[in-house]
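Encoded as structure tokens, the following chain is the form predicted on its own, with no partner shown.
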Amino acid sequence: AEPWPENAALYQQLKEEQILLSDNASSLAVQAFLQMCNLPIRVVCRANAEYMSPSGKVPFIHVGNQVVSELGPIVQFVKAKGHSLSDGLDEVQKAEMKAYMELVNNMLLTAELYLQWCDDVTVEEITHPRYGSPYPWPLNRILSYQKQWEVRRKMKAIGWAGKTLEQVLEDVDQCCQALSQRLGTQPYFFNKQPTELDALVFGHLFTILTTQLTTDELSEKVKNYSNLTAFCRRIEQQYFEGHDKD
């Protein structure tokens, strides 16, 4: 394995006042993955993280002279450096792991984006104030509306624009049910050792459980599955407690 530089950094938006649930979840998934690989990373919060990212997505990592954004490409980048969590899986397990990761991205991440940008109460009370918070008026509103338009266009393209909040929460429940059944009584999805799937699921579920929204409906869906909440607690204790979180 290649040496991992001391000054490796992960960039995301400002934690307290700006970052939204979906980006926070994606950032936490990458942090969990790197912790599981035992690769130290410094978290750097920047108001313009989204604009600094090569793909326009957060988080991104800056390692040596390379910049890589999002979990999938980061997993590949780290693998090329000789660190992998899924090398021990056979081909069938690898395909299954990919399928569950797709499920999380297609259902949970999309539901988070829907809630943030398509649910009017959340948009007004949480999303617009937070998203535009680093910027003066009217730029704060302009950037928020621009982003909202972009996300809503994406929702139309994938057939989510016409969904009601109830339908979206039902999708979240089905996703949690599938994850809960796959996890069963194991510590991790593929038994004893965590993989990038565990990092991804943790990032999203832990963030949903710990983010204050206008109602508790989203977190209640996760809380219905006690093995998923226990899983989040276990990963938090093992990989984040006693580490410097900020």
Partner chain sequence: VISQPAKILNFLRKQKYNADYELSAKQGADTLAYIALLEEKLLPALLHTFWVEAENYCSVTKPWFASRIAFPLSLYLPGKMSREALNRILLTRGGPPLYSLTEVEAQIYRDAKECLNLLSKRLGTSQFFFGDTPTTLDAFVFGFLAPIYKVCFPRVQLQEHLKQLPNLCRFCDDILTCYFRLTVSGHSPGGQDMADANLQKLTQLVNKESNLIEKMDDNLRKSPQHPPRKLTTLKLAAGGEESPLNRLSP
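Residue numbers count along the first chain shown, from 1. A quick note: this is a predicted structure, and the numbers were derived from the prediction, not measured.
Another form, the form predicted together with its partner chain, is not on view; read the next lines as being about it.
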| query | finding |
| --- | --- |
| Contact of R46 with its partner chain in the predicted complex (heavy atom, 4.5 Å) | no |
| Heavy atom of A99 within 4.5 Å of its partner chain in the predicted complex | yes |
| G64: touches its partner chain in the predicted complex, heavy atom cutoff 4.5 angstroms | no |
| 4.5 angstroms heavy atom contact with its partner chain in the predicted complex for A178 | yes |
| K79, K154, K147, R130 - the one with a heavy atom within 4.5 Å of its partner chain in the predicted complex | K154 |
| Contact residue in the predicted complex, from V92, I142, A161, V121 (heavy atom within 4.5 Å of its partner chain) | V92 |
| Contact at D216, T229 and R233 by its partner chain in the predicted complex, all three, heavy atom at most 4.5 Å | no |
| Stretch in contact in the predicted complex with its partner chain, which is absent here, among 113-121, 132-140, 79-87, 165-173 (heavy atoms within 4.5 Å) | 165-173 |
